[in-house]
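Quick heads-up: it's one chain on its own, the form predicted on its own, in structure tokens.
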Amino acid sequence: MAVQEVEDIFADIVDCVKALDPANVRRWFEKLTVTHLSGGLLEIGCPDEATLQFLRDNCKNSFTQAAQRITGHLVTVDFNIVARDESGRRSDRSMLGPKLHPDYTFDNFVVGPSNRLGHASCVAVSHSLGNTYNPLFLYGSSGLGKTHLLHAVCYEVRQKVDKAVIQFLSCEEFINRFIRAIEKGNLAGFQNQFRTVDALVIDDVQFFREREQSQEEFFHTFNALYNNGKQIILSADSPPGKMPSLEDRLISRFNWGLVTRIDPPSYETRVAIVQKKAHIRGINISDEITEYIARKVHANIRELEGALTTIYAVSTTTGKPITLELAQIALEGQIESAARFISITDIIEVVTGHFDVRLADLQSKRRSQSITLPRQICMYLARNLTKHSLEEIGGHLGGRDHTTVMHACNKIGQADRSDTQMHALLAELTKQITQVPKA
């Protein structure tokens, strides 16, 4: 088969993949090459370990379906790394380190007020393992970019230090490996695997709760790495002191280095994130559409990405260009689902239940701290989770005027930004409120 013919077939296969699996389409698909196409085998070359892992984990089925559809034959698809050796010739490599996502680099991370410190600390750590912030502890709600930053650190270290040994895994995977090591009587091998690395990166460490043996093992692993000047990077959904059933000695160690919070992105940051995600996927959208998505979707970055995927999928399947009207139609159901009606009654029920106070107390003229705080939190959450005006919110809470509500919102908002305990409390209350079942 002629080279040009193979390239044309592969171009058709890639176009078919874009229609079959819009969620995983990336701009760098254009850089993929065919290393073999004959005898029912299609081998696709990619530039590095991160893209190889992404393709194997997420795209093998869609490429297989596309190849069979375009060629009309049964086709097996495989991926390999194609690099250039010193002589300029192509060489295949398949050695993998940690599973890294090719999108999750520092270049692809959008920095804003909500994540600036977290980003800066990760960059600093990647340039000097074990010497800057050790341990580094990132926390925040799901979908705000913590995992992206962990991947970015590992990717940067891999680029700069060829022989750096990195263990990057989820807390659940660490626990499962520990359990398997005990079952197989190979605890020494497990300890050697994790206590001799240059960097240990663990995502979602909140899952150590109620795992006494795993906490014990991680405590000694932490000490071994820290005492040898090796880097430890952790992430969780809450600060160390707010993780239930976590041993005090682990909480103490998690607080030894830098603990930094990742907050939900502002509107301006959401606009930049949508633009960046669209660029990564090779999707051309106007500023008008970008701003529409950023206004309508504000819970987290994953929902922004999901909205972009939905729009692209609708455009691809209908053959229509991406316009504001198409975006509005595509996201109508998704936005309605995400922004379901939340009433002030929902908020009051959750807050009064948490603080063990009555609605009558919140509506009264009492100004004791035990009543004022939950009242102000109700006002703050109502302002952020509903479309009610300040006057309407005040009316539900004892006929208070809009200036009182505004003062409460400013006060609780400031506490949310500066007080980790208040931030965690508001996040938990918001979670309960948004999950209230509707009749």
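C-alpha atoms forming the largest set that superposes within 1.5 Å between two forms make up the rigid core. Note that residue numbering follows the sequence shown and begins at 1. Treat the numbers as computed from the prediction; the structure is a model and nothing was measured.
Below: the form predicted together with adenosine-5'-diphosphate (ADP), not depicted.
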property: In the predicted complex, the one of Lys296, Arg253, Arg261, His148 near adenosine-5'-diphosphate (ADP) [non-hydrogen atom within 4.5 angstroms]; result: His148
property: Heavy atom within 4.5 Å of adenosine-5'-diphosphate (ADP) in the predicted complex - residue from Leu362, Val205, Ile273, Val201; result: Ile273
property: Interface membership of Asp346, adenosine-5'-diphosphate (ADP) in the predicted complex, 4.5 Å heavy atom rule; result: no
property: 4.5 Å heavy atom contact, Arg302 and adenosine-5'-diphosphate (ADP) in the predicted complex; result: yes
property: Close approach of Gly143 to adenosine-5'-diphosphate (ADP) in the predicted complex, 4.5 Å, heavy atom; result: yes
property: Asn176, heavy atom within 4.5 angstroms of adenosine-5'-diphosphate (ADP) in the predicted complex; result: no
property: Listed range touching adenosine-5'-diphosphate (ADP), judged in the predicted complex by heavy atoms within 4.5 Å, from 178-186, 192-200, 350-358, 109-117; result: 109-117
property: Did Arg383 shift 2 Å or more between the shown form and the other one, C-alpha, core superposed; result: yes
property: In the predicted complex, whether the C-alpha atoms of Pro113 and Arg383 sit closer or farther than here (change of 3 Å or more); result: farther
